[in-house]
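Heads up, the chain below is alone and in the form predicted on its own; it's given as structure tokens.
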């Protein structure tokens, strides 16, 4: 049963990522990214990593999506979009996928499975604990962590600079 939940969640994550890339509306792209982040959180729960599940939901699905939507609203990208909803089937599909994802989260969270058959040789108590994650992040992966933060900062500054240039050209 765990394989079925994994397969469905993985498909939701892939479909959400593809829809995020193909969507022409910036707000819809951010919402598809939220769907993708939520599906990845369920995958962390399947890996028996509740701390990563919580961090994925709080940091990425919460704070990062709010930041993206704030930048989109600040730049006014949602007003440039077509007001007509040509794809009316998206709302029922989105509600169905959200219900399926909620069912999967509840199933994974409340299901009692035998971990001795599927657990790797690493102790389940040591896997994905906050201490182990912190040790790995700030020792082994410190340079990629810092590079990622600089790239995200540069992208945010680049968006603001491009918007100011575009605003200056449109006023002339």
Partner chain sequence: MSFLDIIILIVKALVLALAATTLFAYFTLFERILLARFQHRVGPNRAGYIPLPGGRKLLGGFLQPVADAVKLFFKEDVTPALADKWVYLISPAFATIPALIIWATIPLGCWPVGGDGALPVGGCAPVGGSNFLQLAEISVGILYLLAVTSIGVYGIAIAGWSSNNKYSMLGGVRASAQVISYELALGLAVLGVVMQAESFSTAEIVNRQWGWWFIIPQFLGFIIFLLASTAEVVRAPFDLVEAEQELVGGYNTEFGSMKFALFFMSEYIKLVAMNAIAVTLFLGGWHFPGLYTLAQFVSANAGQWAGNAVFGLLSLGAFLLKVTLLSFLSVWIRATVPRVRYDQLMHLGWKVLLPMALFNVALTAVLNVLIPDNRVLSGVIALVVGALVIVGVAAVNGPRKPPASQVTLVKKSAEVVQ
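Superpose the two forms; the largest set of C-alphas matching within 1.5 Å is the rigid core. Numbering follows the first chain given and starts at 1. Quantities reported herein were computed from a predicted structural model and do not represent experimental measurements.
Only in words, not in the display: the form predicted in complex with its partner chain, which the text now covers.
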Using heavy atoms and a 4.5 Å cut-off, decide whether 36, 93 and 98 all contact its partner chain in the predicted bound form.
no
With its partner chain left out of view, which of 111, 54, 147, 137 would have a heavy atom within 4.5 Å of it in the predicted bound form?
54
Looking at the partner-bound form in the predicted bound form, is residue 142 within 4.5 Å of its partner chain by any heavy atom?
no
Its partner chain contact at residue 65 in the predicted bound form, heavy atom, 4.5 Å:
yes
Given that the partner is absent here, does residue 23 sit within 4.5 Å of its partner chain in the predicted bound form, heavy atoms only?
no
Could you tell me if residue 102 has a non-hydrogen atom within 4.5 Å of its partner chain in the predicted bound form?
no
Going through 21 to 43, which residues have a heavy atom within 4.5 Å of its partner chain in the predicted bound form? Please give them in sequence order.
25, 27, 28, 31, 34
Is residue 156 among the residues whose Cα moves by 2 Å or more between the shown form and the other one after superposition of the rigid core?
yes
